[in-house]
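Just one chain is shown here, as structure tokens, and it is the form predicted alone.
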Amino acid sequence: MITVVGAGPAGLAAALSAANAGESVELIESGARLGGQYWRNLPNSIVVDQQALNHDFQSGKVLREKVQAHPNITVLLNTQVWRASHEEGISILHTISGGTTREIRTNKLILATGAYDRTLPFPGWDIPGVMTPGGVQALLKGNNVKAGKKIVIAGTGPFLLPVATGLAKYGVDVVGLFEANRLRRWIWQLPALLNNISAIKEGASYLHTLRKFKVRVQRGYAVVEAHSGSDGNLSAVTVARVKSDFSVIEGSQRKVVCDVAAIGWGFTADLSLAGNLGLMQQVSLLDGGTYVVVDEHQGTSQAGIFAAGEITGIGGSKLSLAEGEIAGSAAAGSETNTSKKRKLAKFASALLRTYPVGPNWQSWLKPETTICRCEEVTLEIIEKSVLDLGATDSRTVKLFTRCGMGMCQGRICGRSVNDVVARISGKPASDADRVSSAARPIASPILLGELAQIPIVD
């Protein structure tokens, strides 16, 4: 039996590949439907043109149907893995579904837990109405809900384009689409781009649609502050022209009225279970993100555990599909072809070089800016813990201030805290600091009542 955790592109491809090789597969998904974040889809009770929300929707639909119909695959939906461990070659997954807990033991595990939006703190980012592009898209693709009437989309990366396109098609007024990096950065990545013509066509399709709705990409701009109205909700954002290092060009600031601002800076790999299982991780030189180390067949540092998709490096759906297929075949003991993966990985690297997050985003911050929203820890509090109390790393700052110890367990602020502490202390964050910020004993939230019902084994 092969167990796959995560039913996005990588997980679906892994499950199908392993099943086609004759293995029995158990596919665990925390959501109510297969597809993950990328192929998030509506329940059958809501009848709309889902193809309009995702140009790649049909291929996702075909893959989901193949997985659901395969006799070798058992699908467990609405099932959360809240804890995992690895002992003597066996992976132990603690799951909960509908209030019922279950322990799954497997000697072949494929992790495909994906990623979530990377955020950067800025003045007002904790005002209701400030969201991430992924959050806005999830409401639309998974629930047929428009997050607002007048929406600003900002940050960096190609993901901003499909989000803006989907919203515009569904009647939302996209009042601003701001990309912090400039188009000329692609000049240095032209070979990788020309080897992926499908990506050029996809981007051109989004831009063509956006022009129909009179939405123009304004490059070299970032949202540097958000403002609330009399009701406490978002009423406007300040947009500024920024340099390549993300420092603000003086005199370029202007306000844009909106009721929702969807702001994202790429993605952060979901490494909670990888940390539980003790998988080797490393910090990427390209984007500073932390990822699971894998070999050419997606094998990890633990025997019998494979990883695929965004947790091995942010690369998009096509690379995730390729890695998932390799992981499934390798777990089943079949031959794998890695040539497609290598080509797509080159393009993924080009994307990371084209859409970096400049170090001077911290110049947008004010002393009262909240860095950790869960525990309401401000920049001023973090500065005092370093300058007055002598903290020299993010772990010590965490102990002094409780930043990263709230509901999200540092998922949102962990990486930013590392960067802020490094700037204040003048000491670069170590790889150990960055890896530890993604480590969580409890991989996903569980009610204390549910936890109390789990038998204690000596």
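For clarity, every value in this text was computed on a predicted model and none was experimentally measured. Counting begins at 1, following the sequence as shown.
If you look for the form predicted together with a small molecule, you will not find it shown, but the lines that follow are about it.
Checking 300, 137, 156, 165 against the small molecule in the predicted bound form, a heavy atom within 4.5 Å turns up for just one residue: 137. When contacts are judged by a 4.5 Å heavy atom cut-off, residue 7 counts as touching the small molecule in the predicted bound form. Within this chain, residue 114 lines the site of the small molecule in the predicted bound form, having a heavy atom no more than 4.5 Å away. Residue contact check for residue 355: none of its heavy atoms lie within 4.5 Å of the small molecule in the predicted bound form. The closest non-hydrogen atom of residue 417 lies beyond 4.5 Å of the small molecule in the predicted bound form.
Here the chain stands alone, but in the predicted bound form its contact with the small molecule, taken as any heavy atom within 4.5 Å, falls in 199 to 207 among 384 to 392, 101 to 109, 233 to 241, 199 to 207.
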